[in-house]
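This document starts with one chain, in the form predicted alone, laid out as structure tokens.
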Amino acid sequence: MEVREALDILKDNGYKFTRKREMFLQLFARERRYLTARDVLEHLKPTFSGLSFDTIYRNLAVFTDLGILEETELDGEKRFRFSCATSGHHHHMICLECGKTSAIQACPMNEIQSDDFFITDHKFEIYGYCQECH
């Protein structure tokens, strides 16, 4: 996902263009890793002194609902990143230090069968440390 594409998705869904939203999306494009709401606040607060967690969480929810951002939870805290550009079904390895991700094509669901449970979705993530952080 790129900033221009994300802004087009917002526009197509009736959301206004704002400098704050653009900078929000530029942060995710630049970082290319999972970020917390606190990370977003720390990066944008110097430019937008009145920025609140409410504003951040509202935008994170909109971006996630529209498929612009992906969401995961690490250590009890929600984290967000630009939706993956990798096409097709895949999962991620996530660095616990820096938040960088790597796509993996293997899926453990291929081995799971159930006659008494209707599976509608799943999520599989592997946590560890990337080469730079190890």
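Throughout, we count residues from 1 along the sequence that is shown. We call the rigid core the largest set of C-alpha positions that still match within 1.5 Å between the two forms. Remember, it's a predicted structure, so these values are computed and weren't measured experimentally.
The following text describes the form predicted together with a further copy of the same chain, which does not appear among the structures shown.
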Legend entry - Segment assignment from 27-35, 89-97, 41-49, 61-69: heavy atom within 4.5 Å of a further copy of the same chain in the predicted bound form: 89-97
Inset, instruction - Although a further copy of the same chain is absent from this view, report whether Cys130 comes within 4.5 Å of it in the predicted bound form, heavy atoms only. - result: yes
Legend entry - Cys84, heavy atom within 4.5 angstroms of a further copy of the same chain in the predicted bound form: no
Legend entry - Contact label in the predicted bound form: Asp54 to a further copy of the same chain, heavy atom within 4.5 Å: no
Inset, instruction - Answer yes if any heavy atom of Glu125 is within 4.5 Å of a heavy atom of a further copy of the same chain in the predicted bound form; otherwise answer no. - result: yes
Legend entry - in the predicted bound form, residues of 89-125 near a further copy of the same chain [heavy atom within 4.5 Å]: Met93, Ile94, Cys95, Leu96, Lys100, Thr101, Ser102, Ile104, Pro108, Met109, Glu111, Ile112, Ser114, Asp115, Asp116, Phe117, Phe118, Ile119, Thr120, Asp121, His122, Lys123, Phe124, Glu125
Legend entry - Threshold 2 Å Cα movement between this form and the one not shown for Asp115, core superposed: no
